[in-house]
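Given as structure tokens, the chain that follows is alone and in the form predicted alone.
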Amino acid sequence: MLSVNNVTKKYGKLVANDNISFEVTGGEVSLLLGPNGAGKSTLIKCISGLLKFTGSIEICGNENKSIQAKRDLGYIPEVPALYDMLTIWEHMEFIARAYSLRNWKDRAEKLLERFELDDKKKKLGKELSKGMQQKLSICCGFLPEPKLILFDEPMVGLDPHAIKELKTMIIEQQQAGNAILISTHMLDSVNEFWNSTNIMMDGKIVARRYRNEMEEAEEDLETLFFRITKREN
């Protein structure tokens, strides 16, 4: 589903991502963990096609900036990028038109209902709270039914009901054989469903672990994270 090969991103002399390679397969929920400044968000933006980089990234076998790769990609950024003068429903329609979706309205209605936005469809983007903006951003990301979904701190700003619903949706995507990559600081929020983890420091992946390996070794994700980041520091 996702193949990242020798990806390097520099801002002048600063190396934000340093020769990073990893894969996320279908049905896998993979984590990007690391302290602030480790390069997680930069890597997410490289994968989504928002930043130039050296190396290669493929989504479902297609170069990440190709039209087909973009059709297979859903991206929910840390800071929602909404339009002030579009209503909630007009955002959904905008996504549907951008992706040339057919028979999308029922799916859009169900997504909005799951995040308790169905009775607020006429609200403008500028009228939405931070939590409502995040909910709408998630709905927009899921509407095209992507095969790879990128999340950058998806739980921030969400109320308990929305967090529970999002977790359920991630598990549904996992069971459907889609790939999910989540950048987060909130380890407890992803503990139920992650399959692999990539721990980043100073622009590099310094450790990659699989859940089954850690369970066999009786390792705990939080303990591993703090041990590695403390050692690297």
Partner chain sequence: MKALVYLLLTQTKNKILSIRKKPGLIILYSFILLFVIGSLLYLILVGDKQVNILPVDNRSLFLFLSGFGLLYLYTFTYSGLSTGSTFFTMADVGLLFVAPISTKKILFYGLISALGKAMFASLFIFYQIPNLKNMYNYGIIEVLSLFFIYVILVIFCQLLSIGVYIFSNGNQSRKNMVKMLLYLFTGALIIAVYLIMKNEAVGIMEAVKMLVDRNWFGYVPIVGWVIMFFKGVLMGSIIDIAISLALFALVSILCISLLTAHKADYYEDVLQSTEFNYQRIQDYKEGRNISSTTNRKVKVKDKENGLNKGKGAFIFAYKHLLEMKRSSRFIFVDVLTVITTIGVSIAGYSIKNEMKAYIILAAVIYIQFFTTVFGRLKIELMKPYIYLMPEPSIKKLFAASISSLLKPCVDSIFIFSALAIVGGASILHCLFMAIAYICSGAVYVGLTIVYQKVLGSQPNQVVQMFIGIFLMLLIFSPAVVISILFSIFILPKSLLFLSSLPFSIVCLILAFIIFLSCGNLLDNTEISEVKR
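Here the structure is a predicted model, which is why all the values come from computation and not from measurement. Positions refer to the first chain, counted from 1.
The same protein has a further form, the form predicted in complex with its partner chain, not shown here; the description that follows concerns it.
L73 is the sole member of L111, L73, M132, A162 with a non-hydrogen atom within 4.5 Å of its partner chain in the model of the complex. For the three residues K52, R97 and L124, a heavy atom within 4.5 Å of its partner chain turns up in the model of the complex in every case.
Taking the partner from elsewhere, D84 is found to have a heavy atom lying within 4.5 Å of its partner chain in the model of the complex. Although the partner is absent here, Y11 sits close enough that one of its heavy atoms falls within 4.5 Å of its partner chain in the model of the complex. Contact between T184 and its partner chain in the model of the complex is not found at the 4.5 Å heavy atom cutoff. Contact annotation for K167: none of its heavy atoms lies within 4.5 Å of its partner chain in the model of the complex.
Remark: of stretches 203 to 211, 186 to 194, 44 to 52, 173 to 181, the one touching its partner chain in the model of the complex is 44 to 52 (heavy atom within 4.5 Å).
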